[in-house]
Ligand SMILES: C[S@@+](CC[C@H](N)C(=O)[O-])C[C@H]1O[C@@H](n2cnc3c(N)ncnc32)[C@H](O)[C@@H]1O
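Presented as structure tokens, the chain that follows is alone, the form predicted on its own.
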């Protein structure tokens, strides 16, 4: 893992938990007020504050002049974020970036920057509908934006671009760890189900020159996939199969991968997805599911359980425990053989084969 990737992961932890030591007691008032801190981070990123600080420390007056922000409000935002070490303030009153905010600079194109933007524009309004979601059964995203998440991204190009940028950049930080956690040597073909912009399969193919690959995703992803494969010199070893994994998956491959897809779907749809993969597998094929695995214990997996809430109000999906994965796989004629941890807490490898 690169030094920058490690710093991003540490930034994520600090952003969620604050700089207090892990032994510090949980304070409900602080938890509630972190919503305001998140909004302040979003504003500082969206308004270009972070980008202007990339060239060096600046006063609030300078930042207000450069961005057009109201100076009094900006002072409150900068002061609050400095208290959480998102920014640092020197003796002259000028602010500078810290390890927490450095990944938010536009030119870094980090997953954390994309997440801050998608969090402020799409997720935060959806989370605000959680109470009505409990009453109506509709997702918070649909209540906030008028359409379910998948439909909204199709009709809103900028929303789709931000989503794809975010998902691809997340996978870019994780793909080496995922690709390195499984030995592909005995196999010759791999299908990436819901493969997005080809981040994961590119890493797998580059690390395993003997493999050929196929990406299954919705037809509108063909262009971005083609660009990524061409840039990685993989166009001759990987093909794109446009279609829905809710309907079918290309048959006969040695390895099937599905990364961070199942958590976006409910227990009604996941059996269809796994059933289609199982139907496509041979008796010798192996399935690799990349997901976080929830621990029901109190106090464990804090980040994963927050992500579980995120999936709930965004798509109606959910995180799952080992037992829940085993049950879903069993219903599709598959058997979980092992779970391998990676350096990324939300990216365990659940390895399954056909039941014999």
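Small disclaimer: the values here were computed from a predicted structure and weren't measured. Numbering follows the first chain given and starts at 1.
What follows is about the form predicted together with this ligand, which we do not show.
message: this ligand is absent from this chain, but in the predicted complex, do 42, 59 and 106 each have a non-hydrogen atom within 4.5 Å of it?
response: Checking in the predicted complex: none of 42, 59 and 106 is within 4.5 Å of this ligand.
field: Contact residue in the predicted complex, chosen from 119, 87, 182, 245 - any heavy atom within 4.5 Å of this ligand
entry: By the 4.5 Å heavy-atom cutoff, the listed residue in contact is 245.
task: Work out which of 227, 264, 71, 165 lies within 4.5 Å of this ligand in the predicted complex, going by heavy atoms.
output: Selected option: 264.
field: is_contact(residue 221, this ligand) in the predicted complex, heavy atom dist at most 4.5 Å
entry: Judged by the heavy-atom cut-off of 4.5 Å, residue 221 is in contact with this ligand in the predicted complex.
This ligand contact at residue 124 in the predicted complex, heavy atom, 4.5 Å: Output for residue 124 is no: heavy atoms all beyond 4.5 Å of this ligand.
message: Just checking whether residue 171 would be counted as a contact of this ligand in the predicted complex - the rule being heavy atoms within 4.5 angstroms.
response: Because a heavy atom of residue 171 falls inside 4.5 Å of this ligand in the predicted complex, the answer is yes.
task: State yes or no: in the predicted complex, is some non-hydrogen atom of residue 195 no more than 4.5 angstroms from a non-hydrogen atom of this ligand?
output: Because a heavy atom of residue 195 falls inside 4.5 Å of this ligand in the predicted complex, the answer is yes.
query: Counting only non-hydrogen atoms, which stretch in 279-287, 75-83, 230-238, 256-264 is within 4.5 Å of this ligand in the predicted complex?
result: Residues of 256-264 come within 4.5 Å of the partner.
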